[in-house]
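Listed next as structure tokens is one chain, alone, in the form predicted on its own.
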């Protein structure tokens, strides 16, 4: 196939998209990094220093917030994948109720995160529907604390429910690209259900799994709306900690440090997921 040369006009067509990324997103990241070192400070005092970084890493509350958000991001991404992958397989094969199930799962896509948090609160609060049902059935003797719990199970449940359709769309596209004759050939050669699942479906769908887990982690790790409603009183999420540091304590440079930590953590998790995908698929 003959390869076409890229003209200057083709590059000009990229300016609206690439220019937006470089100008707004790139400049925001640059300013956040410089402010974390005391340069271009919002307060007007501009002096290079690493004291802001030292203060954050010597602050137990900030470290607890980072670890808590990291835990929520990882568990939410894994939990969403565990729920979405079987559903994606079912929707790929088809069956009774496929269209109804697909429509039902898409509902959270049209609900804002803050509204979704309040909806789940009615279910898992101390006197919510779930606790009242368990009490009526005699399964528990007193209500369970599932909301604002210290571990963050309530936040994880909301994250999984809210982002399940988003992850499902990515996984469904990856599974749809797997040819049926590949599955039939494996079964003809004696492959069982688990062999087909872990040696064909999972490796071939790994790009979609990787992308969905990375995007899910980014959404959950830096989430503000759900954490502010259903999260524990302590530790707050890194996003809440960043907001409080900037607006309540007026320590904008320290808040910029937390912003850089969010960016670096996201990049590291992305790299880690890619290495894991290469290990699972056997690529180097």
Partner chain sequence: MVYGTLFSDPGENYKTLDIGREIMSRLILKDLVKKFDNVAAVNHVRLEVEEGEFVTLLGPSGCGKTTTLRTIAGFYQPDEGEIYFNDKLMNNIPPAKRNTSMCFQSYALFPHMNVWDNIAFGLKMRKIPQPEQKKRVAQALEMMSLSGMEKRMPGQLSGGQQQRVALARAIVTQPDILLFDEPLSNLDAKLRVQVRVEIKEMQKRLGITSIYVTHDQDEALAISDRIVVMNQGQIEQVGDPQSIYLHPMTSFVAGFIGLANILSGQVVARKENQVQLELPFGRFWAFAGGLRASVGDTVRFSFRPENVVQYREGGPNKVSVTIQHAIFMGDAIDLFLDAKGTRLRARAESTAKLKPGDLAVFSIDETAFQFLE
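Residue numbers count along the first chain shown, from 1. Quick caveat: nothing in here was measured; it's all calculated off a predicted structure.
What comes next is about the form predicted in complex with its partner chain, which is not displayed.
If the cut-off is 4.5 angstroms on heavy atoms, which of these, 176, 185, 134, 78, is the one near its partner chain in the predicted bound form?
Selected residue: 185.
So which stretch, 140-148, 67-75, 195-203, 83-91, is the one near its partner chain in the predicted bound form (non-hydrogen atoms, 4.5 Å)? Stretch 195-203 is the one.
- Exercise: residue 130 in contact with its partner chain in the predicted bound form, heavy atom 4.5 Å: Taking the distances in the predicted bound form, the answer for residue 130 is no, it never comes within 4.5 Å of its partner chain.
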